[in-house]
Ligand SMILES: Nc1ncnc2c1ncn2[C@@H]1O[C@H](COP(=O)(O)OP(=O)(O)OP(=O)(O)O)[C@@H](O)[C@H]1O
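Given next, in structure tokens, is a single chain: the form predicted on its own.
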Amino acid sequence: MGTLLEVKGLSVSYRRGGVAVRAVDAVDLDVPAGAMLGLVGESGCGKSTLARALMGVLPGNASIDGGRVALDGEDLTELTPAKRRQRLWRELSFVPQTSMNALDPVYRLRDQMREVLCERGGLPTKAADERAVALFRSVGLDPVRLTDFPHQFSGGMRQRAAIAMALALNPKLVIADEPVTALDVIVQRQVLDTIRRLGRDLGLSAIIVTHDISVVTYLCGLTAVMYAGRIVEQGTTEALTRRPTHPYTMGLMNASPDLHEPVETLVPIEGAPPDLADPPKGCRFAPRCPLALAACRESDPPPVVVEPGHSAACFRAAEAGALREAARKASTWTR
């Protein structure tokens, strides 16, 4: 399986009152063709900024400070804005957190699908309508609903329509930013099942951005854990959930219910991510980490390979087994 997306040393900053806030800091990330990668972490860790940087749709006060984003070997950061826009929908597509951000409330869904398929894809109207029917069926929507407006859809139906639009031109990579956050748990499951089936049937390549590690476990074969603008651990989802190596990943696992284990009180990670306008010295998780050493507060731990395809940026990676035992105890995290 070849690499579809290769991100190397990507850094993104926001300007805030004359101060540069680096929301994404030297991120390395690979997405193989046909794979789903989950990007997980708390709110404010830089996940959405990373996703928007990959799409090339950052706000005006943000800028890419360095790094490379290669899609099928082509560095997107070297393209002009016009050339990069040409790749949206055709090669890269986006599913936003709330589907109403993607759907125009005053146009029927058929007209919105035509806009993508005809103006972006160059299809004649008849072929675009046939494609729209097929797309609606693929995401479990009745094609009759193409004549409806977005407000006539439920939240889950709107999200499925947004997914259909993202798939309209068979893009190489789909980026979904918190695709089920605004939905109730029953509808979340329905939408996740839709994405999972599309991934299986279409060989879909995707990045799923979420704060919910259970979503990643359900959908993704690969996972990257992000904290304070940096990737702190990445590898197969099975490795990260069964053998987490970074204490932050262990903390996220503790805060998520496990259906295969006895029901106990979920343990939160105390504190909050640091202010990236003035990040702490050393490991950025050290101020919240109950397992941190003095060295963790003095210098940044480099990523180390803990097993093939699995790396973590932690000075205590070699002690991961003992750390996992300690991290399972609620008393470890209560200070």
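Position 1 is the first residue in the sequence shown; the rest follow in order. All values derive from a computational prediction rather than experimental measurement.
This next part talks about the form predicted together with this ligand, which is not shown.
- For the three marked residues, G38, T237 and L240, no heavy atom of any sits within 4.5 Å of this ligand in the predicted bound form.
- Shown alone here, A327 lies farther than 4.5 Å from this ligand in the predicted bound form, counting heavy atoms only.
- Contact check for E42: a non-hydrogen atom falls within 4.5 Å of this ligand in the predicted bound form.
- Though the partner is left out of this view, L54 does not reach within 4.5 Å of this ligand in the predicted bound form, counting heavy atoms only.
- Taking non-hydrogen atoms only, L10 never approaches this ligand to within 4.5 angstroms in the predicted bound form.
- With the partner omitted here, the residue from I269, L29, L276, V306 that has a non-hydrogen atom within 4.5 angstroms of this ligand in the predicted bound form is L276.
- Residues of 48 to 78 lying near this ligand in the predicted bound form, listed in sequence order, are S48, T49, P59, N61, the criterion being any heavy atom within 4.5 Å.
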